[in-house]
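The chain below stands alone and is given as structure tokens, in the form predicted alone.
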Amino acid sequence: MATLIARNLKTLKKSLLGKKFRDKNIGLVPTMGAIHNGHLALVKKSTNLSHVTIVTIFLNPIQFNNEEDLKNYPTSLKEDIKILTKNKVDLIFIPSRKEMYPENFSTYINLKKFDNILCGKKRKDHFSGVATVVLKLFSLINPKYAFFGEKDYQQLVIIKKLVKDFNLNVKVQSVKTVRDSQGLALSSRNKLLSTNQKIKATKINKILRKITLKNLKSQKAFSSFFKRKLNFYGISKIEYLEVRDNKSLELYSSKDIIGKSYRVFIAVKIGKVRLIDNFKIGK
């Protein structure tokens, strides 16, 4: 059947009540657009697990703490629709800002855990904005499954906590980070990199792949050593470079590593483009 497109809440509701979606297990893939192969990996997993797949395209303004960042975020709506239609998505939901946040909207998720570290440390209210829009999408669409990539690992942890805390009947499914042939994690923001900047960005993964628990004597020593390596390749704007527990996101401690797994988390700026990445080390 053809891919349906809903651009407002009324059309979305009508579609969900139709035969195509009624009494079906819905897989939800929330995106902000600029669709790439990372998003399509989420779509593929959804089509494998769900009866029907809905992809949302909504550039969520309340998760941006920088107006310039919001303004410069890449958009390619016509191409996105073409790609998602080709990949046989059942419905694309493309609401306007006014539809999602009507006049006098004033209800937001107030997070008490995981939001003041890593990406949340300098991006005030970022994860409150993420959690608010995701909860709203869950409420509107009532999916059986929701799919999120491990590239945004902190976001993944927060969404899982949101589902648990509110006893939501949604199964959050994670998908491993999709990378290009050089190891660069796919991101919509990659489109903003120049050719030289992209070459520089590929060094991030190559350097961090050398980190193991064996050479990780302390957080301070690790950070200092690998920052010097990043600086050598001209990557000097490092927002954070940390190792944290894979589940609790607690900072790494060399005193307590037996049987545990950790993740290296990094955020850098190359030119004006902010990039994040992470990967698992240990068990």
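Just so we're clear, the structure is a prediction, and the values are computed from it rather than from any experiment. In this text, residue numbers run from 1 along the sequence as written.
We do not show the form predicted together with a small molecule, though everything after this point is about it.
The candidate stretches are 166-174, 82-90, 129-137, 198-206, and the one lying within 4.5 Å of the small molecule in the predicted bound form by heavy atoms is 129-137. The small molecule is not drawn, but in the predicted bound form it has a heavy atom within 4.5 Å of Gln63.
When contacts are judged by a 4.5 Å heavy atom cut-off, Thr31 counts as touching the small molecule in the predicted bound form. Looking at Asp152, you'd find a heavy atom of it within 4.5 angstroms of the small molecule in the predicted bound form.
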